[in-house]
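What follows is a single chain, given as structure tokens, in the form predicted alone.
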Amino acid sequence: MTTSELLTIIEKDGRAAKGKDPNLSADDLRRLHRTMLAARILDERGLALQRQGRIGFYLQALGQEASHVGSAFAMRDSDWFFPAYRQPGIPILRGVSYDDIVCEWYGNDGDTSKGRQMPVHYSFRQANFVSISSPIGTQISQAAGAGMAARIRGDDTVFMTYFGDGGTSSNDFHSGLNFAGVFKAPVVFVCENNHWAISVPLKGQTASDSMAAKAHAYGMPGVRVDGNDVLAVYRVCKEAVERARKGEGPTLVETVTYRMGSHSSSDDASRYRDAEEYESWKQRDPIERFERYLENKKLFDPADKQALVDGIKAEINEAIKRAEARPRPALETLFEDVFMNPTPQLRAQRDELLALEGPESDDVGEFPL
């Protein structure tokens, strides 16, 4: 394939294009479907909580479920992810509990980051899911460095990193791909081309024919795939992962998809996005498309969908109840994870803060600091 061609497997009628179906097992197909559906429901609940004032911020992956779930499914459990902030399905796929995910939204004492990160900027060591950071593109060079280290050690770990079309304009995009190409790092670079970098459209982001075309400058293959086709994304990424594991170096995968929601809960996409464009992409919903494929395989009955949705919602809602009942992280955690042995100054500051803690308040903002 050339970097301008777009690989597609699931056709409009839900059938797989001849000779392209990866022929996953029934269990794998059901797992993909449930994960994509759970990621969307999680997003709906997260945005609703933000609008209700129960959490402070949220970012959705609405319309991009096939892109990140399909690519992540190509990885082994021992492989690592360096994510951006639109891949909620990966922790779900890796078995992270809804409790761990939801506690991060609230920044409570069950949050792995102890309330120090923005909501939806997860970090799950048990899932080899490296902390999300807001600065654009930083994860790209980090993944390249981790991949270079793995190659030096001689292990067969593969690293996958995600970024949007806007991320290709960052310095880390050039640095990361250049180093990975030179040192043949086992990294799969996934550019989720969702056509919008906040309010900057794709045409204002690059003059290249495609994002995949940029791979040639770094000496690696570039592949363009239909990002709303979970099977096509899986197939392309599986080939890229296997190539990396064999020591043949990195691949740049461009998943062509669309950001159906606003950039974040702080943005209103209707102010800059054309309604016709939105409606056109809405007809290409990745979950509905996959469900048509599953119907043809006799693995999905639309009549049973509501029960599946209700079950996932119930699990998430129970996790929300438990998260809201948990306290904030203890004040002394402000002084942890900086030095192995706290300095005398830090110990003195900690003791002073704890001494100021009033018996009737757990709100640090009320302290006369």
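In this text, residue numbers run from 1 along the sequence as written. Keep in mind it's a predicted model, so treat the numbers as computed, not measured.
Here the subject shifts to the form predicted in complex with another copy of the chain, a form of this protein not shown in this document.
- Another copy of the chain in the predicted bound form comes within 4.5 Å of a heavy atom belonging to N171.
- The shortest heavy atom separation between K203 and another copy of the chain in the predicted bound form is within 4.5 Å.
- Interface residue remark: N296 is not counted as part of the site for another copy of the chain in the predicted bound form, having no heavy atom within 4.5 Å.
- Proximity of G110 to another copy of the chain in the predicted bound form: non-hydrogen atoms within 4.5 Å are absent; the residue sits far from the partner.
- Residues R40, S97 and I101 are none of them found to lie within 4.5 Å of another copy of the chain in the predicted bound form, as judged by heavy atom distances.
- Partner contact region in the predicted bound form: 181-189, out of 285-293, 225-233, 181-189, 241-249, criterion any non-hydrogen atom within 4.5 Å of another copy of the chain.
- Residues K203, G204, Q205, T206, A207, S208, K214, H216, A217, Y218 are the members of 192-218 with a non-hydrogen atom no more than 4.5 angstroms from another copy of the chain in the predicted bound form.
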